[in-house]
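In the block that follows, a single chain appears as structure tokens, in the form predicted on its own.
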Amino acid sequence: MSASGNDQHTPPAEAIGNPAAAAAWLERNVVESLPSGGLKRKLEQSVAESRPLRVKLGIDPTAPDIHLGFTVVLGKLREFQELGHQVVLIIGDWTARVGDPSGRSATRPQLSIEEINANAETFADQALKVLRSDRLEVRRNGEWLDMPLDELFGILRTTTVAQVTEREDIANRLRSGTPVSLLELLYPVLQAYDSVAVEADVELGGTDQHFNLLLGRDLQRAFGQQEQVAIELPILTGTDGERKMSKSLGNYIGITEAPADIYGKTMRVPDSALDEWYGLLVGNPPSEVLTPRDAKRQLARELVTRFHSETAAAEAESHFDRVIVRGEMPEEIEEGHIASDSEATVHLPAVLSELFGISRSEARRSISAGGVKLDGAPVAELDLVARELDGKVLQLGPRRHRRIIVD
């Protein structure tokens, strides 16, 4: 099994073998569990039949990394595993081609099959940083959704256009005249069929998945199966403290990011979001004796330890104090190579774009704002002679450094 669990996912003794206590513990921090009392009945059935529940989560691999927001629902899956149940993690390689319209004001961009497959591989690996490996079934919904048309027609007959267009996000787009593709109308039906394919007893998702979770129950009923319990969990706010955590919004912390980045990004979380972050990621509020700054430090150490190690957490904190608090250079600086004649002129925005992965326009804005330094001194010029950069430390913002090597 994975060694990544922590105390918040360890069930109390009274929940072991006791459906009522187990249901109360599993539902303690969820937004909704539908139908009311359904989870307790499922757990009672599990005991009576001596079989574990099949607990489903579907994730579309539209980005290569799992961020902290995903770990909220993964943590709940881990709790089911700790009680002896089977988690079915569905990587939506097929539904990712369609694009989930949940919460969207426009059609999602189409990903290539190569991008989807690459993302699917990293998702499955990264999920093991939270989940146990011994009570886990990883599936791709292309296994069953790559089907003949007559089978697809049979699925589509179970759902009406009115059902799908009543969704708030779809209804809003239709009212505003924003295009909605037929593929997007198909998405919730295909996603719901996943529950039929794996015979899910329970499905988990964020509050933005309310419609999809309930449609899964509808399709199971249409196919003669027992209906799953739908459990909705809160959505973690991003590092901006305002919008939900999202890679596309740039307000996320990836669980495989470098320890210094996880620590530094956590320290940027607004004080107003601390109770939410502690509640969803740690399971209890921050100590009242801690200042917000110290509470963030404690949370940052906890997160780095969880996804790396205690040693990495101590080093990340030392790095933060040295570079951010005292404004010193990091102890170790990655080299950045520039292919150029030493007397040639190089365009600094192009160098920043290549070494730090930002756009040239963003690089120019950082230069004009004084956010780019060379050996600690702000740089205002856009064009420099290559030898003026050779061997010096180029700094973008407070945290990003490269020692320039002109080849």
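The model shown is predicted, which means the values in this text are computed figures rather than measured ones. Each residue number is its position in the shown sequence, starting from 1.
Same protein, other form: the form predicted together with the RNA, not shown, and the subject of what follows.
In the model of the complex, I324 approaches the RNA with a heavy atom inside 4.5 Å. In the model of the complex, no heavy atom of F307 sits within 4.5 Å of the RNA. Under a 4.5 angstroms non-hydrogen atom cutoff, the RNA in the model of the complex has R293 among its neighbouring residues.
Although the partner is absent here, R400 is a contact residue: one of its heavy atoms lies within 4.5 angstroms of the RNA in the model of the complex.
The stretch among 278 to 286, 111 to 119, 164 to 172, 261 to 269 whose residues place heavy atoms within 4.5 Å of the RNA in the model of the complex is 261 to 269.
Just one of V393, A386, L396, A24 comes within 4.5 Å of the RNA in the model of the complex, counting any heavy atom, and that one is L396.
Checking A369, A377, V47, A339 for any heavy atom within 4.5 Å of the RNA in the model of the complex turns up a single hit: A369.
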